[in-house]
Ligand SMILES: NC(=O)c1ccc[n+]([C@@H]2O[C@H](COP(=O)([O-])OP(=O)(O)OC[C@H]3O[C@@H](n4cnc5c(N)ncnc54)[C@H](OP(=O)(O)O)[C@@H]3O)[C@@H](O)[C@H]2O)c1
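First, one chain by itself in structure tokens, the form predicted on its own.
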Amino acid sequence: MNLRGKVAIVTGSSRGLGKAIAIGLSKEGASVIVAARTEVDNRELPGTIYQTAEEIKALGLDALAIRCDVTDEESVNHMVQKTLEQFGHIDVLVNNAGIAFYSPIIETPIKRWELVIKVNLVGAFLCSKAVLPHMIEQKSGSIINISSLAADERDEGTVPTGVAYAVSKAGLDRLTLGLATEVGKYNIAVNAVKPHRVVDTDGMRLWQPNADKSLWQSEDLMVKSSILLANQDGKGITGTVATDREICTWHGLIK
């Protein structure tokens, strides 16, 4: 797989899974926009957009850090405009930015509920809406939504994420299917991929310090799945909502 000449935006890529995906796409030749809100290092949870971009550049690859709040339409549009000014086109969007808030519904403040929905679902809507005019004009593109098994679980799952998170990811799955139907005629692919197990990241270790980490997985399958899906357009894989293991198994990416 080769992404040389393509430009990819990865939201929430200052750390964790988003960072791994950004680095993975860049290693395949893509110029990557590292988009997130984090500009200053956090002692408990290190990582900024600039650090991710510098790690990519240190490999001799191309990256641009842009601060973006995916819940703010003006911020999203600014990020897209800066990308176009720098590179002239946008080929891939990875909607990875996400947050969770675990608490029983009766104890969940409305502001927390709304924030989870805004970041995880409205953010994907705003970013997709912002890049689509350019993808439609060039008649190609790939949008990848990072979902979760929480969208399908009836209990608390392997790691409790809260009902708001599950609702947002279920909505993201439905957004994927509807958007794929709408934009397929413009040769644009839209897919969603979700980890088949909890991904072992610094953020997850901070949030669940006492969890059984033997049941967790590395970012590897999510990165492989994202690279495969980034190579798609409307003539290829589209309208798929699946786990990373399913996608990698179906397409021979697991040895």
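Residue numbers run from 1 along the displayed sequence. No experiment lies behind these values; they were computed from the predicted model shown.
Below: the form predicted together with the ligand, not depicted.
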Within a 4.5 Å heavy atom cut-off, is Leu132 in contact with the ligand in the model of the complex?
no
Within a 4.5 Å heavy atom cut-off, is Ile146 in contact with the ligand in the model of the complex?
yes
Within a 4.5 Å heavy atom cut-off, is Gly203 in contact with the ligand in the model of the complex?
yes
Partner proximity in the model of the complex: Ser103 to the ligand, non-hydrogen atom cutoff 4.5 Å:
no
Looking at the ligand in the model of the complex, is some heavy atom of each of Leu25, Leu177 and Ile227 within 4.5 Å of it?
no
Which residue, Ile99, Ile136, Ala170, Val122, is the contact with the ligand in the model of the complex, using a 4.5 Å heavy atom cutoff?
Ile99
Which of 105-113, 136-144, 180-188, 90-98 lines the interface with the ligand in the model of the complex (heavy atom within 4.5 Å):
90-98
Residues in 64-84 with any heavy atom within 4.5 Å of the ligand in the model of the complex
Cys68, Asp69, Val70, Thr71
